[in-house]
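The chain below stands alone, shown as structure tokens; this is the form predicted on its own.
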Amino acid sequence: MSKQQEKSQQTRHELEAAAIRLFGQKGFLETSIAEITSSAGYSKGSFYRHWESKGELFLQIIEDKLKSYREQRDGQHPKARDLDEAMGAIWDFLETIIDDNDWSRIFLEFTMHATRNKALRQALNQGAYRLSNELFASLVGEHVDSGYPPEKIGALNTALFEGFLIHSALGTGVLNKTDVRRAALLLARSNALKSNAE
């Protein structure tokens, strides 16, 4: 890597770090590109050499964050022996995201923002930016003996997780991680196992 490439990569990382910090403090919508560049000590031109918009920057941050979570998960979990272990692996992974309070709130805010922007919505639905229903399905798939589609179990985990993030962001305090994890396991068992599906 040349000195110029190293400098460009350093600039990008510093701008991302400033954005994450400001998004955590003020939220995605309330943070401007000017604030990001000023906080990182760069010009707006430096920002636009890397991204076309604040939304594009946030997609990069999501991709990097989910990649980091996935690497943690992949290094920690051996192949599951049964459905309970597979669900445990999924929820251990999801809880690392839940425990990152600032990040989960920012992610929710951006997701809602993206629903009103066709380009961001389409990008956000791509695998690099989403929790992987397919990956969750592959983790539970070999333990499903009822004929229920594993993809639906994967999608149900994502729906429960995202619903819990909203619930937590509202601060109702009625449910906790253990409640949702238990509900996800019971739902998976009731659909995936022939003995429970009958």
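The shown structure was predicted, so the numbers you read here are calculated from the model rather than taken from an experiment. Residue positions are given as counts along the sequence shown, with the first one as 1. Rigid core: the largest C-alpha set superposing within 1.5 Å between the two forms.
What follows is about the form predicted in complex with a further copy of the same chain, which we do not show.
A heavy atom within 4.5 Å of a further copy of the same chain in the model of the complex is found for one listed residue only; from Lys44, Lys152, His50, Lys67, this is Lys152.
Using a 4.5 angstroms threshold between heavy atoms, Arg81 stays clear of a further copy of the same chain in the model of the complex. Although the partner is absent here, Asp145 sits far enough away that none of its heavy atoms falls within 4.5 Å of a further copy of the same chain in the model of the complex. Shown alone here, Leu94 lies farther than 4.5 Å from a further copy of the same chain in the model of the complex, counting heavy atoms only. a further copy of the same chain in the model of the complex is approached by Arg182, whose closest heavy atom lies within 4.5 angstroms of it.
Stretch 153-161 is the contacting one of 153-161, 32-40, 53-61, 136-144, since its residues have non-hydrogen atoms within 4.5 Å of a further copy of the same chain in the model of the complex. Of the residues in 46-61, none comes within 4.5 Å of a further copy of the same chain in the model of the complex through any heavy atom. Core-superposed comparison between the shown form and the other one: the Cα of Leu120 travels 2 Å or more. For Ile97, a C-alpha deviation below 2 angstroms is recorded between the shown form and the other one after rigid-core alignment.
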